[in-house]
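There is one chain below, alone, in structure tokens, taken in the form predicted on its own.
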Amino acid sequence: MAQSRRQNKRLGIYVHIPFCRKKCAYCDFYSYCPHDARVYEAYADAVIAHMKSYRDVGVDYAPDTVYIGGGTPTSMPPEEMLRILHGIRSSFRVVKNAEITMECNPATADMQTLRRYRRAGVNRLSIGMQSSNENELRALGRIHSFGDVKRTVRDAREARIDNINLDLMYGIPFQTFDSWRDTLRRAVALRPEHISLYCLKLEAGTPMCENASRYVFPDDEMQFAMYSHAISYLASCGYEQYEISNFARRGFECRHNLKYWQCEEYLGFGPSAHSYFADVRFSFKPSVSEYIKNVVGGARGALTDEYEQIPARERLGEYVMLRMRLNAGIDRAEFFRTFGKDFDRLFGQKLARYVKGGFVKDTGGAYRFTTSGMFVSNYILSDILDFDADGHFLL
């Protein structure tokens, strides 16, 4: 009986593929444009070896989600990506019905390759559409067209991938309300099972941030109008909002991302990948060369960038911060069962003014953001949660 319970422990697996053909103008994620094709093989070797080193740690777990992110996973040579996919299954006891997602730039995938990935277990494709407007795509530095998006969706369906997400972005340079409405309409017409919306953020050090004066951006009022319209339009088309930025047809919520928001365990592999496992949060240094050298050389300790044991008070703070992202919000009774503390006693007074202002709804059993609250959720959460100078939650 005890062994059976251990085998039922679930886990998410994340693999970072840092390679891109071209870095987008707004992107501050760690990515790398290799000039030597041999680096792909060396990287695949390192990821596979790194995963194997976790066999003993993960023996009591059965991963039920796998997420291949980037970078651009579909820019990696298919043979090397297939080796990584097979390596996941040889290192971990992945459950039969696991959700296995791969991110995809529409300019870097074809039907034959998608078929091979589907046979290797990939059953969910997340396509970076961003916009249907060619001028907006060029401003973002994207290498694909909307025509590429339509072709990739068609190819994915032919490859029998029956769970597709489209990433869309608002707040783009030169974007108007009408062009955003057109992007939403064209995205829905492709009949994806899931749609994610992201507001463009100017990140320091990116080309778009450094050249921001050259662009005309939608102002905050227009961005809120875009976000509000998207929520109502997608709802009318059968997409239920289940998180601040995510909408799905019933039954197609992203199970892997839900692990993050529900504070469940996951292991990440690759440079800059993050993990939350056994009450420890850790990440690996953002360098392909260092990652390969240290994995192959056996200096696994040198891989670590951040490593922090998460005490109970930190878990409580993260629970509030992440659960409030979900459309369901925080259930008072569940919070008490999890932490043995009264949510209203801790946060009720701070939330009262946001309830009064229409940003948070008190349903009696739970607190959750309204549409207005979701749009400014970062501000509200930073106000109700207290952190010290090192970013640790203060209870």
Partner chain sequence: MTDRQKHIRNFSIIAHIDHGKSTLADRIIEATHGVERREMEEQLLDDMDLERERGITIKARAVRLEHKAEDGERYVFNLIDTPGHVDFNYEVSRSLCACEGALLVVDATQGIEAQTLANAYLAVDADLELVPVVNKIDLPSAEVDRVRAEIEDVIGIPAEECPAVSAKTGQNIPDVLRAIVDDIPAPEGDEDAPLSCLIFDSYYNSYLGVVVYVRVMNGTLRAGERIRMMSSGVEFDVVEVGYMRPLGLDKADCLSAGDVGYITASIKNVSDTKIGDTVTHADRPAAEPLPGFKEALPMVFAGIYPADGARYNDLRDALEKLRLNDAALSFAPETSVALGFGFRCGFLGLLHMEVIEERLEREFNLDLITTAPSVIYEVDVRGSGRVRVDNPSNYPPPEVIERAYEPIVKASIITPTDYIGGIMELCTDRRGTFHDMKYIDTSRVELHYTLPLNEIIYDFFDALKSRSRGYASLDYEPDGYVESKLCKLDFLLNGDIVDALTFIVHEEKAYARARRIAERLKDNIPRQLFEIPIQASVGSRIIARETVKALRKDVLAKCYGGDITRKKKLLEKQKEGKKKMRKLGTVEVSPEAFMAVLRLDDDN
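Positions refer to the first chain, counted from 1. Quick caveat, the model's predicted, so the values are computed rather than measured.
Same protein, other form: the form predicted in complex with the partner chain, not shown, and the subject of what follows.
- For the options Y117, Y266, Y291, Y239, the one in contact with the partner chain in the predicted complex, meaning a heavy atom within 4.5 Å, is Y266.
- Of the residues given (E193, D167, E314, D148), E314 alone sits with a heavy atom within 4.5 Å of the partner chain in the predicted complex.
- The candidate stretches are 131 to 139, 193 to 201, 91 to 99, 149 to 157, and the one lying within 4.5 Å of the partner chain in the predicted complex by heavy atoms is 193 to 201.
- Mapping the unseen interface onto this chain, E308 counts among the residues with a heavy atom inside 4.5 Å of the partner chain in the predicted complex.
- At the 4.5 Å threshold, heavy atoms of I244 reach the partner chain in the predicted complex.
- Among residues of the shown chain, F335 is not one whose heavy atoms approach the partner chain to within 4.5 Å in the predicted complex.
- Looking at M321, you'd find a heavy atom of it within 4.5 angstroms of the partner chain in the predicted complex.
- Residues N257, Y260, W261, Y266 are the members of 252 to 273 with a non-hydrogen atom no more than 4.5 angstroms from the partner chain in the predicted complex.
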